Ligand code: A2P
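Only one chain is included here, represented as structure tokens and corresponding to the form predicted on its own.
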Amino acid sequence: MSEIKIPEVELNIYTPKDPVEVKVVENYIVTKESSPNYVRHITFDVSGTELENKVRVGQSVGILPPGKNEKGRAHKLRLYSVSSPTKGENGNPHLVSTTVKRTIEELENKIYLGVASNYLADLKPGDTVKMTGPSGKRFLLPENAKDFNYLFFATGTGIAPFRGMIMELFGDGDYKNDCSLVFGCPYRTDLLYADFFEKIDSEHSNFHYLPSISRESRRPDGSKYYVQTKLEDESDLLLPILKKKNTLIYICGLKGMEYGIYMELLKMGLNEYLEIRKELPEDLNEIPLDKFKRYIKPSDRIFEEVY
């Protein structure tokens, strides 16, 4: 396998104690159809700051919402994954984008609105925000990115880095290896950036867009469609790719999704993607999720960003 050359990055150029003010240049909905969830693509202009040309796809930027909480303390920093490629949104190195879902929950019979997500979602072009970062050095494409095949797994706004990564891989037209994106969501109205991924799928025979919608229909055995079930349902496509020595797996989204993926990899005999730390039971389902890390950890061919 080609050596995985992880890029050197500059971290925390701006900190919560010394943030930088940047301007919003666009803010729009990214669900394909009318959805009960509000997910927006927000682009910031970082020109004239030290962030220009310094933010890589796979990293995060921090946002400091204004105001104070009920205890009189300043609101905490929130990190958001970058959804633009390293060259910047639309090839402009001064434009950095992210993907934001409004947090609206009911807690103890009261509606709770996430402070940072709703602050960002309300912004209009021309508004300014206080930003920190960049953060993160693990969830990056290798410097020699086009030497590898990729299997990307995403749920929810975990799709953000994969938008930028896929733009980066396919932007120059010379990427020849295979790239598959499995995106999991409850309903088809929750598909994010679907038009973009469908376009790449139609234009490039080596890109495979595989949405997995869990609450609209069932698999033949009655189970739900999840990101990990695509490994079985699309095995004719994915297994030959996964058996190649130069294939990497990236996982981004809700914490816990990785365990289902690891379980499927073990069932398929793809142990090379994992490090077995403790003897496994014959029935893998006997491993409690809260004890999973005692048995298995990802190898250097798997990259995780779960929250």
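Here the structure is a predicted model, which means the values were calculated and not measured. Residue numbers here begin at 1 and follow the sequence given.
What follows is about the form predicted together with the named molecule, which we do not show.
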* Taking the named molecule in the predicted bound form as the reference, which of 86, 135, 214, 177 has a non-hydrogen atom within 4.5 Å? -> 214
* To do: Scan 141, 227, 159, 169 and let me know which has any heavy atom within 4.5 Å of the named molecule in the predicted bound form.
  => 227
* Any chance 51, 93 and 95 all have a heavy atom within 4.5 Å of the named molecule in the predicted bound form? -> no
* Residues in which of 276 to 284, 57 to 65, 40 to 48, 249 to 257 have heavy atoms within 4.5 Å of the named molecule in the predicted bound form? -> 249 to 257
* Contact of residue 120 with the named molecule in the predicted bound form (heavy atom, 4.5 Å) -> no
* **Contact label in the predicted bound form: residue 155 to the named molecule, heavy atom within 4.5 Å** => yes
* **Partner contact for residue 185 in the predicted bound form: the named molecule, 4.5 angstroms, heavy atom** => yes
* Taking heavy atoms and a 4.5 Å cut-off, does residue 208 contact the named molecule in the predicted bound form? -> no
* Relative to the named molecule in the predicted bound form, which residues of 95 to 130 have a heavy atom no more than 4.5 Å away? -> 101
